[in-house]
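Below you'll find only one chain, the form predicted alone, shown as structure tokens.
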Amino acid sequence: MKKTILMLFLFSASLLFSQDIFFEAVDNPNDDGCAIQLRWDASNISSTKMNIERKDDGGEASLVQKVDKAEGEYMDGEDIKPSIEYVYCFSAWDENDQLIEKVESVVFAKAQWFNSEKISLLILALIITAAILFFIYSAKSGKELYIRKIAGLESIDESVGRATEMGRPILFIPGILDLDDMQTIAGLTILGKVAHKAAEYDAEIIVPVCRSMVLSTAKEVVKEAYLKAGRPDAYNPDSVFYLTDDQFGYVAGVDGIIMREKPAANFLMGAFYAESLILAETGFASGAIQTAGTAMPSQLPFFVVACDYTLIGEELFAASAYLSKEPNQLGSLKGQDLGKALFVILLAIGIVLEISGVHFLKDFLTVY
């Protein structure tokens, strides 16, 4: 019995070591289970044609790749499904089309829960999440969280007060995009604050819009602002109205309102494109105090030049927390700021290490 086992072992070992082709198929790590890595080394044989074929359970073999190099690797991502057994076959022929050797490898594709190469991003996300929860808890506990002053938002009282003194209306433009854009939502948040102040000071507010959904939302925002100010009777449903969906048709309509009504304060809060300069220049020519805010980098220079105050990028999105002082929003804002600061610090450390000695460190880790 022992002799038989020994002979079988020696026979298997002889078959193993008699193979002149190395070939393996392994699951591609850190993916969704839709790719297989293939590696081969056929440098010990002289072959004129080499192919890699694949078949799954009950399926017929299909050509995956024609091999033109004796050594190499290939990523098979064609119709690979997780948890299915695939059999890969590497075949080599000589110049007379005689099969030299055929090697098979069985593999299962697996989907990973997360990419292990991005552990650093996971750690950073956990730190930011912890910071947000900590600051939300602090805000709810009554601790005052510091947020730097944003001049464009601090100027709301000044602009509305000037309009009241001059007996002229306030014009608010919530951008030209629909409610699916975050800039529009941020603009409508600021509209609530402006409308509340207008109700308190008994100033007229004009809100022309170019989207039907924005029209309905803006009406409710202004109506709620007048209700909170204790003056629901002063709310005028016609103060929020629809012009047109056409970009430059809307701009022409708003410019006409500026020239006819001569508003004392203009607010341009939301997403803007080529119409930004036209609106800002017309408002500047009318002599109004102008406060603008957008996250469109290409339009910010026009607002900076033609407006008195400009909310740049994320200042527009921070307006909701800045104006409402709501603990959840304040904590989220502070936590995200901490995350950005941490990211900048880590980036700076990485740059310093790259310049000063990271290559030496990599060589050291490779050797040891």
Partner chain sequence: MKRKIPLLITFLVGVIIIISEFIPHKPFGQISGELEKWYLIIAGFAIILGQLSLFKVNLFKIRHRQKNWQFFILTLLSFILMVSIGIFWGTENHPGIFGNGETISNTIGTKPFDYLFDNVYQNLQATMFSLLAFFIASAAYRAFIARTLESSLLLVAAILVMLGNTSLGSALTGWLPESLKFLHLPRISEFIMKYPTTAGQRAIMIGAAFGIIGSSLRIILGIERSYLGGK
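Predicted model, so just to flag it, every value in this text is computed and none were measured. Numbering follows the first chain given and starts at 1. Superpose the two forms; the largest set of C-alphas matching within 1.5 Å is the rigid core.
As for the form predicted in complex with the partner chain, it is not shown, yet the points below apply to it.
- With respect to the partner chain in the predicted bound form, the three residues 133, 313 and 326 uniformly fall within 4.5 angstroms at the level of their nearest heavy atom.
- Comment: the partner chain is not present in this chain, but in the predicted bound form one of 166, 150, 87, 179 has a heavy atom within 4.5 Å of it, namely 179.
- Checked against the partner chain in the predicted bound form, the residues 142, 232, 297, 287 give one hit for a heavy atom within 4.5 Å, which is 297.
- Stretch 279 to 287 is the contacting one of 142 to 150, 156 to 164, 279 to 287, 263 to 271, since its residues have non-hydrogen atoms within 4.5 Å of the partner chain in the predicted bound form.
- Not displayed here, the partner chain is approached by residue 115 to within 4.5 Å at the level of heavy atoms in the predicted bound form.
- Although the partner is absent here, residue 30 lies within 4.5 Å of the partner chain in the predicted bound form, judged by heavy atoms.
- Taking non-hydrogen atoms only, residue 246 approaches the partner chain to within 4.5 angstroms in the predicted bound form.
- Not displayed here, the partner chain is kept clear of residue 200 by more than 4.5 Å at the level of heavy atoms in the predicted bound form.
- Residues from 204 to 222 that approach the partner chain in the predicted bound form with a non-hydrogen atom closer than or equal to 4.5 Å are 212, 213, 215, 216, 217, 220, 221, in the order they occur in the chain.
- Positional change of residue 82 between the shown form and the other one reaches 2 Å or more at the C-alpha, relative to the superposed core.
- After superposing the rigid core, the C-alpha of residue 315 moves by less than 2 Å between the shown form and the other one.
- After superposition on the rigid core, the Cα atom of residue 223 is displaced by less than 2 Å between the shown form and the other one.
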